[in-house]
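A lone chain, given as structure tokens: the form predicted alone.
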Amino acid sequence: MKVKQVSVFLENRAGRMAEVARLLGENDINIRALSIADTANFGILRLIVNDVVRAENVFREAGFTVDLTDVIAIEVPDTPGGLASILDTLNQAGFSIEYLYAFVEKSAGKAVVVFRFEDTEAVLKVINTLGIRALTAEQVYAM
């Protein structure tokens, strides 16, 4: 149930995000979720896209530094406190979250949040027993 996230390292300059979006659009790659963290000089754009392999190749051919990372897309109750309940459950199970960001679409009426954990494999072994549903990569890419 791991999902591949595309991470692109960008110089922090005007027009760089537009360039990335245009590149994806020209190659029929659809963004499903994204997050950007930046500093004064550079940023890391994290993307979930419908075609990971193609996106990686397109970015590399265009001269971008790109990396693939395993993340988990988890259904979260779309109600006040829904995210808190999932975070509390994961915390009580001893899992440390590196970062998270929201997804564009819903799954079965629930919000979808992308999580990056220190130990993805350990989380995947336990979350079903905690009543937490992770989506498959195929489900995520098809949203």
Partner chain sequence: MIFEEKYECMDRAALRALQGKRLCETVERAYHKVPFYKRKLDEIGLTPADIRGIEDIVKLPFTVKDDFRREYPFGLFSVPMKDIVRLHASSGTTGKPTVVGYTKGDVTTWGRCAARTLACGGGTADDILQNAYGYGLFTGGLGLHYGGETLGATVIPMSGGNSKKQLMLMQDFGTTLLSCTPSYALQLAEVAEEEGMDFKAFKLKAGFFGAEPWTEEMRIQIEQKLNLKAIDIYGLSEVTGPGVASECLEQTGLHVFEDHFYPEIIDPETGQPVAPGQQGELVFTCISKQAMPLLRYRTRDITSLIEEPCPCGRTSRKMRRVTGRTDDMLIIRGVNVFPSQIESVLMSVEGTEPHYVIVVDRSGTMDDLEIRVEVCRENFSDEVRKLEDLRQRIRHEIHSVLGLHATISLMEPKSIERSLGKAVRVIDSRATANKKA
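Numbering follows the first chain given and starts at 1. Note that the structure is a prediction, hence the values are computed from the model and not measured.
From this point on, the text means the form predicted together with its partner chain, which you will not see here.
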Problem - Partner contact for residue 124 in the predicted complex: its partner chain, 4.5 angstroms, heavy atom - result: no
Problem - Contact label in the predicted complex: residue 32 to its partner chain, heavy atom within 4.5 Å - result: no
Practice task
State yes or no: in the predicted complex, is some non-hydrogen atom of residue 16 no more than 4.5 angstroms from a non-hydrogen atom of its partner chain?
Solution key: yes
Problem - Distance check, residue 56 to its partner chain in the predicted complex, heavy atom within 4.5 Å - result: yes
Fill in the blank from the handout: Counting only non-hydrogen atoms, the one stretch of 24 to 32, 63 to 71, 76 to 84, 47 to 55 within 4.5 angstroms of its partner chain in the predicted complex is 63 to 71
Fill in the blank from the handout: Taking its partner chain in the predicted complex and a 4.5 Å non-hydrogen atom cutoff, the residues of 72 to 95 making contact are none
